[in-house]
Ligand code: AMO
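One chain comes next, on its own, written out as structure tokens in the form predicted alone.
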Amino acid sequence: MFDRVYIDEAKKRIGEKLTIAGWVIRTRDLAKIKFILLRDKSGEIQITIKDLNLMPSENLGREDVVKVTGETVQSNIANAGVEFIPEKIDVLNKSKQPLPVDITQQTQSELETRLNWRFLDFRNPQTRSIFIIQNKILSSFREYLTNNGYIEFQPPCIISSASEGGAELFSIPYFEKKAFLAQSPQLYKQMTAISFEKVFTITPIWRAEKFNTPTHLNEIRQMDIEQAFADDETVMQVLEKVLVHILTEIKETCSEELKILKQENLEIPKIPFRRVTYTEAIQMLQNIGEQIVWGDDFTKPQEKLLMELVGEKAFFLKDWPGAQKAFYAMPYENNPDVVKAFDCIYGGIEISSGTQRIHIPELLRERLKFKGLDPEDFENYIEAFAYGAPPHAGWSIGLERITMIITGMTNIRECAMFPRDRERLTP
């Protein structure tokens, strides 16, 4: 379209003739001089207009898109120490006024309003910072696993039956059949791991839970691994290394975004994370008067309490009751009521869960019946382990959940670009 440099680069190229382009943040008049504060993806710059004939005939409004040709000069007045002196200003597109949401940091529109106008909300410095950090979570997750011998695979998102049992699925018509949106890539990552040994995926999943809480969505992104010749402890060690790598990368490369979000003191947990058994956690809570018994799941407030009782921001809860975990979780031989399963609690919220999987067909059928499921509905899955399946294990991290903790948000909808919950289908 035209040669253009980003604002952060233009600030360094003093005295060169350049073209920049972006959105108008605001304008200011001082009698014989005018100012435009311009923004692009890299930053902001003040445009100082001394020749008023250069101003467009139409008044410029917030979020108008303009192209400016001129040069950067040193300045003792502009906050950045530089300003841009234009030779020509072209209006590429006008924005409707007034804006339906406030995209400055001075005030904040209501969350529902911001989500209704999400494309504009992305221009808010805080919202942009959330998703720049989320992008780094994804890239560092993929980087660590790729560099450590894992193969990325793409699971199907349309399935013929429940991946993990239960009725929390969205059904869809599929030609002459009934199908479902995948509630998990679980069965497929197992089927790939027993051949490729070390695999990972980043994929959307859907759950038809009728929750409406600050920590639940009906469509989320999962970051999963599966590993052959591994047990639960093997993949817990992988998980703690992946989490520390992600946090380290964010701290090193997203300092400006962390500052905007007031999270500049991001804590990097020390490896190894503490392992706390489910039974120990129940006892901890009972000791401070919590109404909970062995076999119950932990509430969100109780997860936060456990973080305080354990005294560490990141830790594992392991060795869960089989009734609380999926049918494919490997039971202990000496205590089949307990399975080799774990949750990772980070910042007082469960961000990941995993298990050693059952790789023996006969035992899978037993556990399906134990969970009230019909093994015949899972025969294609069970058959995959009848041809030399090694022991294997894996886990899943919820992308929006981990984003929520790192960025300090209190509502998970802030951490999904276009959230889907019980009420929201647009935009």
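Each residue number is its position in the shown sequence, starting from 1. All values derive from a computational prediction rather than experimental measurement.
Omitted from view is the form predicted together with this ligand, to which the following refers.
Undergrad: Could you check which residue among T127, Q134, S352, T192 gets a heavy atom within 4.5 Å of this ligand in the predicted complex?
TA: Only one listed residue qualifies here, and that residue is S352.
Undergrad: Would you kindly say which of L217, L247, L258, M236 lies with a heavy atom within 4.5 Å of this ligand in the predicted complex?
TA: None of the others qualify; the residue that does is L217.
Undergrad: Exactly one stretch in 207-215, 87-95, 69-77, 137-145 has heavy atoms within 4.5 Å of this ligand in the predicted complex; which is it?
TA: In short, 207-215.
Undergrad: Indicate whether the candidate residues P155, F200 and T203 are all in contact with this ligand in the predicted complex, with contact defined as any heavy atom within 4.5 Å.
TA: Not a single listed residue reaches this ligand in the predicted complex, so no.
Undergrad: Is I412 close enough to touch this ligand in the predicted complex, meaning at least one heavy atom pair within 4.5 Å?
TA: Output for I412 is yes: heavy atoms within 4.5 Å of this ligand.
Undergrad: Would you check, heavy atoms only and a 4.5 Å threshold, whether R401 touches this ligand in the predicted complex?
TA: Yes, R401 lies within 4.5 Å of this ligand in the predicted complex.
Undergrad: Is W395 a contact residue for this ligand in the predicted complex, using a 4.5 Å heavy atom cut-off?
TA: Yes, contact at 4.5 Å.
Undergrad: So in the predicted complex, does S184 come within 4.5 Å of this ligand, heavy atom to heavy atom?
TA: S184: contacts this ligand in the predicted complex.
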